[in-house]
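The form predicted alone is given below as one chain in structure tokens.
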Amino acid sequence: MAAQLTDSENAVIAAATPRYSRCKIEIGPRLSPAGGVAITGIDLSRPLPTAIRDRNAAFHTHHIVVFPQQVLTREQQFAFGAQFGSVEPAAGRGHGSKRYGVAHIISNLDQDGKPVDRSALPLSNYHWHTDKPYYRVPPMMTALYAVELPPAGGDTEFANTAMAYAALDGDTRRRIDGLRVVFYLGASAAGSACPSDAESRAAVAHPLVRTHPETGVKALYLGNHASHILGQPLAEGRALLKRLLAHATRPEFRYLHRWRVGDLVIWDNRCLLHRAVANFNLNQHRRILHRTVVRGTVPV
């Protein structure tokens, strides 16, 4: 049974924004043990009612929030994200790039607009990752909006790294608390090689176990852009990261989102990994989504 807002909250919404007076805003049940909740009856092309924007408990409790049946321009998606914080620009892109502007375009299309399978590439979104951990101040939230989908498949899978940390034995938690992970863009492509001088200069180090700034809950922070453990031999640190990633992505820590056109999904990068799922013919069917990321805080 979906949990409706209280009468007083609906009254606030109706008084502040007449458009919502005819809507029945509902927060559904948890979508999986690992996270996820759907909120229906709201139009994200308009400013969020205060009673919804301030209900951060849904985001902090469920980590993934699904808003179905949205119709959004890229500018409206940018405005939605800006209600939560500073939206990250598409750094280093020019006006001629498909990624330039208010919402990045995430797709499996080549420069000629034809579908292509890039899932095996080391830096593809089809590997477990958190968004932009190689930033000194990485994003706290990502919003992804489904524009065009294959007939079936093209899902996104999430892994709850707070649940994964809590499931570790006490000795392992004590051993990894205080360790720092070195991240840089291209770490996954480097394989077993040592980082180059340029990569080392661009790298940042964040806690392997980070504390959520809003809830105080600890979570593993790792993924496809993680290179090694600061202060440990390269092979030893990478072996540890590999073991922890395998643990963090066990089936019981996962939620699979099956997209529908018009879904806008937001998630918490501070306690989740995610990956696109290559469960469709990438060389035949188009998959296009718009992405915005909201700046967070320095991990601690």
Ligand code: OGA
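When you see a residue number, it is the position in the sequence shown, counting from 1. Bear in mind that the values here come from a model prediction, so they are computed numbers and not experimental data.
Heads up, the form predicted together with the ligand isn't pictured, but that's what we're talking about next.
Student: From the candidate stretches 246 to 254, 65 to 73, 233 to 241, 266 to 274, select the single one in contact with the ligand in the predicted complex, where contact means a heavy atom within 4.5 Å.
Tutor: That would be 266 to 274.
Student: Select from the listed residues V204, I106, M141, I176 the one whose heavy atoms reach within 4.5 Å of the ligand in the predicted complex.
Tutor: Among V204, I106, M141, I176, a heavy atom within 4.5 Å of the ligand in the predicted complex occurs only for I106.
Student: H285 versus the ligand, in the predicted complex: is there a non-hydrogen atom within 4.5 Å?
Tutor: Although the ligand is absent here, H285 would stay clear of it in the predicted complex, with no heavy atoms inside 4.5 Å.
Student: Using heavy atoms and a 4.5 Å limit, would one call R180 a contact residue for the ligand in the predicted complex?
Tutor: Judged by the heavy-atom cut-off of 4.5 Å, R180 is well away from the ligand in the predicted complex.
Student: Closest heavy atom of D155 to the ligand in the predicted complex, within 4.5 Å or not?
Tutor: D155: contacts the ligand in the predicted complex.
Student: Decide whether H129 counts as a contact residue for the ligand in the predicted complex under a heavy atom distance cut-off of 4.5 Å.
Tutor: Result yes; H129 sits at the interface with the ligand in the predicted complex.
Student: Note that the ligand is not shown here; using its position in the predicted complex, name the residues of 202 to 227 with a heavy atom within 4.5 Å of it, in sequence order.
Tutor: If the 4.5 Å heavy-atom criterion is applied to the ligand in the predicted complex, 202 to 227 yields nothing.
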